[in-house]
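Read the single chain below, which is given as structure tokens and is the form predicted on its own.
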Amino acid sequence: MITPFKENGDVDYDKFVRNIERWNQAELTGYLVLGSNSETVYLTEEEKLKLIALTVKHRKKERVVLAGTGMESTRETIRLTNKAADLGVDAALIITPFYYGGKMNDEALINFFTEVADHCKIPILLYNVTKVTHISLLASAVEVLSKHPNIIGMKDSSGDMAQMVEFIRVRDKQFNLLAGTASAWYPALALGIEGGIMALANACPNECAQVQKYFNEGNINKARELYLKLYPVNKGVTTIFGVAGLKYSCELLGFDGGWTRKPLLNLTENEKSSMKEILKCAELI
């Protein structure tokens, strides 16, 4: 979920709630508050907890709420995750610690996630997002962690399909492996993945869901056709323009993007024109 900000940098909680109310009408099964596209690293703990509380309060009944509560230290991750649990979050998404990246080997990551899972009140999911952390969970670590009773899955945002095959091969049968980017959505479905958490769903929730619906119905050609149409849009809102591009796309498609929080910059007029053209080519506007 994006976090709309006001021009002065304050969180725009009214716009945040309005987005939830619109997403409640879309074909989604849940929400991730405090993900990478939430600009979470720029939020205070007070802001994080308020956004969690608002998400839990305003979600459509029966929809799952996940919260990204991973911190650099094991202790702080456990503390924030249990605060989120007390607010009604169903499960936590825990990013790989990355500041001391050279020391984040299998042993360190297995110890980190195991200790977090042992001491949290709610289930956790691993979050593999190599693009921003420069840390990649290896299949050897996932094989061990997937057997932990309180580690229920992983959001793999690497987009590395060969690596995803390795994860599928070694994971415990009860472990929920999720596509973490719309760029991998159709290939992931073809590999038997049953769910995804993706930035693009902020702006195109029904289209992302429709790819899966077509696939599950056996309309493989339609699923692939829609996926290929969405692929350049996802590239625009992740690789090319990032969070600012995602927020601008949300504005064009009926949601409240708001401002980015500095040091992130909003799109220039030229960048807006480019992003708008990408959406036009995808026949979304």
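Remember, predicted model here, so these are calculated numbers, not experimental data. Numbering starts at 1 and runs along the sequence shown.
Keep in mind that the form predicted in complex with a further copy of the same chain is missing from the display, and what follows is about it.
- prompt: Which listed residue (107, 172, 118, 86) meets the criterion of a heavy atom within 4.5 Å of a further copy of the same chain in the predicted complex?
  reply: Exactly one residue meets the criterion: 107.
- prompt: So which of 51, 66, 250, 243 gets a non-hydrogen atom within 4.5 Å of a further copy of the same chain in the predicted complex?
  reply: Exactly one listed residue reaches within 4.5 Å, namely 243.
message: When the contact criterion is heavy atoms within 4.5 Å, does residue 239 count as touching a further copy of the same chain in the predicted complex?
response: Looking in the predicted complex, residue contacts with a further copy of the same chain include residue 239, since a heavy atom lies within 4.5 Å.
Close approach of residue 256 to a further copy of the same chain in the predicted complex, 4.5 Å, heavy atom: No.
task: Look up in the predicted complex whether residue 21 has a non-hydrogen atom within 4.5 angstroms of a further copy of the same chain, and give yes or no.
output: Answer no; every heavy atom of residue 21 is more than 4.5 Å from a further copy of the same chain in the predicted complex.
query: Any of the heavy atoms of residue 272 lying within 4.5 Å of a further copy of the same chain in the predicted complex?
result: No, residue 272 sits far enough from a further copy of the same chain in the predicted complex that none of its heavy atoms falls within 4.5 Å.
query: Based on heavy atom distances of at most 4.5 Å to a further copy of the same chain in the predicted complex, which listed stretch, 143 to 151, 158 to 166, 86 to 94, 206 to 214, is the contact stretch?
result: Looking at the partner contacts, the answer comes out as 158 to 166.
message: a further copy of the same chain is absent from this chain, but in the predicted complex, do 16, 59 and 194 each have a non-hydrogen atom within 4.5 Å of it?
response: No: none of 16, 59 and 194 comes within 4.5 Å of a further copy of the same chain in the predicted complex.
query: Which of the residues spanning 212 to 243 lie within 4.5 Å of a further copy of the same chain in the predicted complex, based on heavy atoms?
result: In sequence order, 220, 224, 227, 228, 229, 231, 232, 235, 239, 240, 241, 242, 243 come within 4.5 Å of the partner.
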